[in-house]
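Have a look below at one chain only, the form predicted on its own, in structure tokens format.
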């Protein structure tokens, strides 16, 4: 009986295909796990940003009633610095 190389070639192709599918499955699982981790971190960041924006707005509203907080708000950049010192006027010359 003749040795037919076709079954060996087909088994080789099957082996390569099975290995490729295992590698692709592992890559998919690891990327999906990383995506879920990053999405969780993104949700935390967005939540913190919302809380900070609300706190900043509340502080600005509070500064309308109590201007003693203005230096703190100016130092963190929430409120523009006051240029409240009027320019000195020059004395009139004769």
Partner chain sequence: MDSFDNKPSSPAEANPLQAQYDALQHMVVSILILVIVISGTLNIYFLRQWRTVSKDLAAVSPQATKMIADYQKTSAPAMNDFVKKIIEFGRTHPDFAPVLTKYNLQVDTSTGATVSPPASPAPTAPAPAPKKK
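A quick note: this is a predicted structure, and the numbers were derived from the prediction, not measured. Positions refer to the first chain, counted from 1. So that the term is clear: the rigid core is the largest set of C-alpha atoms that superpose within 1.5 Å between two forms.
Form predicted together with the partner chain: not shown, discussed below.
Visitor: Does residue 76 reach the partner chain in the predicted complex if we count a contact as any heavy atom within 4.5 Å?
Guide: Yes, contact at 4.5 Å.
Visitor: Taking heavy atoms and a 4.5 Å cut-off, does residue 81 contact the partner chain in the predicted complex?
Guide: The answer is no: residue 81 has no heavy atom within 4.5 Å of the partner chain.
Visitor: If you check in the predicted complex, is residue 64 within 4.5 Å of the partner chain, heavy atoms only?
Guide: Answer no; every heavy atom of residue 64 is more than 4.5 Å from the partner chain in the predicted complex.
Visitor: Relative to the partner chain in the predicted complex, which residues of 15-54 have a heavy atom no more than 4.5 Å away?
Guide: Read in sequence order, the residues that approach the partner chain (within 4.5 Å, in the predicted complex) are 17, 18, 20, 21, 24, 25, 27, 28, 31, 32, 34, 35, 38, 41, 42, 44, 45, 46, 48, 49, 51, 52, 54.
Visitor: When the rigid core is used for the superposition, does residue 30 move between this form and the one not shown (threshold: C-alpha shift of 2 Å or more)?
Guide: After core superposition, the displacement of the residue 30 C-alpha between this form and the one not shown reaches the 2 Å mark, so yes.
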